[in-house]
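Shown next as structure tokens: one chain only, the form predicted on its own.
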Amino acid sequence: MKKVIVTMLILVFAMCAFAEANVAIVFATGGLGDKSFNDAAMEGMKKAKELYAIEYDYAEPSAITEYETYLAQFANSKKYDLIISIGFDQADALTKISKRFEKQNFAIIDMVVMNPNVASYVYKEQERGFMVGYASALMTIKTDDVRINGDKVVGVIGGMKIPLIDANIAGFMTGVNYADNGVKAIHSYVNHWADPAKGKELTLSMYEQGADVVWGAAGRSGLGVINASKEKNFYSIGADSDQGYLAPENVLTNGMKRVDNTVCIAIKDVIDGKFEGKIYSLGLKEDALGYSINLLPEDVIVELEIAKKKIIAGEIEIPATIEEVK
């Protein structure tokens, strides 16, 4: 009997050892506490720790110039089964470091690095943009809501003018056009990922232009969009994570980017021995993008779900650049 117990314990310990992995993550410059992209990535790390018994370390760079240093420090330690870069602007640093450490597994989320030891996870941003743009247009034509004016204007504020943000904006504008009700979509950029004051200023300006729904696809700067909606009692739309708790009466929905799920996918692939240095393109079909219910009326949700099915089926084409939007 004692021999059987000992054997079982050995098997348990062996399984735990197999499941464990050491992971390092380098966050984007907005840092933890952005209630958006970085925080979602950290939720993924916590989820992976619960699911797969991993251990992890992380770094919060305050400037782009620090990325290379942190990545090199993690790689030099030879401690980690996977090192994850969060955000598009780590691409240059990761390209250099992944070439120096060819036997180290890396992953980058929201950008592509074409090295054989880097798994790149990117999103069909225009699909998410479409969903919240369509929701915005469907809301602004309503007449029985005190937060809705009669101007039929909605807005989107990007963190910076870069391809992935413009893909979101292009999707937003396409979703507005899909509603086919004469709604005007306006857009602008904060030009910073961590400037809520500027985000609020731009949102207030959009409200003055007649907008009653504004989406902030701007990292920590998007918190200013939500603050403005509380102040003026209009609608805002959050980004990446569910930010409804920040303004329960004003956050209409959220353009969800399931960075937490993506982090778990990357870690599980390493644990399962399935790591591949290639590009993974994720969207509505993979439940990597979407929207949250929050304050959306039932009739709007019904229309959104119909559109979602059509997008997944390839029946709705969504351009990835503003210039392509008709």
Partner chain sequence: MIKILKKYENSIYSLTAILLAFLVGAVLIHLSGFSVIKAYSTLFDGAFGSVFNLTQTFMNTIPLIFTGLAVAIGFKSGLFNIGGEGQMYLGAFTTAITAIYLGFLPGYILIPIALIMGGFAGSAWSFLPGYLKAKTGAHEVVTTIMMNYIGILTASYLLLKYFKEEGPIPQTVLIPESARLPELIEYSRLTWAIFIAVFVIIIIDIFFKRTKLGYKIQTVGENRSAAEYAGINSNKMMVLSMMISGFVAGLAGSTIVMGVLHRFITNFSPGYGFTGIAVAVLGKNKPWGVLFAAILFGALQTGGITMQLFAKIPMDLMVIIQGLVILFVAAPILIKKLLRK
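Positions refer to the first chain, counted from 1. Everything quoted here is computed from the prediction, not taken from an experiment.
There is another form of the same protein, the form predicted together with its partner chain; it is not shown, and what comes next is about it.
Task: Output flag, Arg258, Tyr280 and Tyr291 jointly within 4.5 Å of its partner chain in the predicted complex, heavy atom basis - done: No, none of the three is in contact.
- [ ] Within 4.5 Å of its partner chain in the predicted complex, counting heavy atoms only, one of 242-250, 87-95, 136-144, 203-211 shows up; tell me which.
- [x] Contact criterion met by 87-95 only.
TODO: Using a 4.5 Å heavy atom cut-off, state whether Phe74 contacts its partner chain in the predicted complex.
DONE: Phe74: contacts its partner chain in the predicted complex.
Open item on the list: Residue-level question: is Glu43 within 4.5 Å of its partner chain in the predicted complex, judged on heavy atoms?
Closed with: Residue-level check for Glu43: no, no contact with its partner chain.
Task: 4.5 Å heavy atom contact, Tyr70 and its partner chain in the predicted complex - done: Result yes; Tyr70 sits at the interface with its partner chain in the predicted complex.
Open item on the list: Can you tell me if Phe275 lies within 4.5 angstroms of its partner chain in the predicted complex, counting non-hydrogen atoms only?
Closed with: So Phe275 does not count as contacting its partner chain.
Task: One residue of Met111, Ala119, Ile148, Val153 in contact with its partner chain, assessed in the predicted complex (non-hydrogen atom, 4.5 angstroms) - done: That would be Met111.
Open item on the list: If you apply a 4.5 angstroms heavy atom cut-off, which residues in 35-67 are near its partner chain in the predicted complex?
Closed with: Read in sequence order, the residues that approach its partner chain (within 4.5 Å, in the predicted complex) are Asp57, Tyr58, Ala59, Glu60, Ser62, Ala63, Ile64, Thr65, Glu66.
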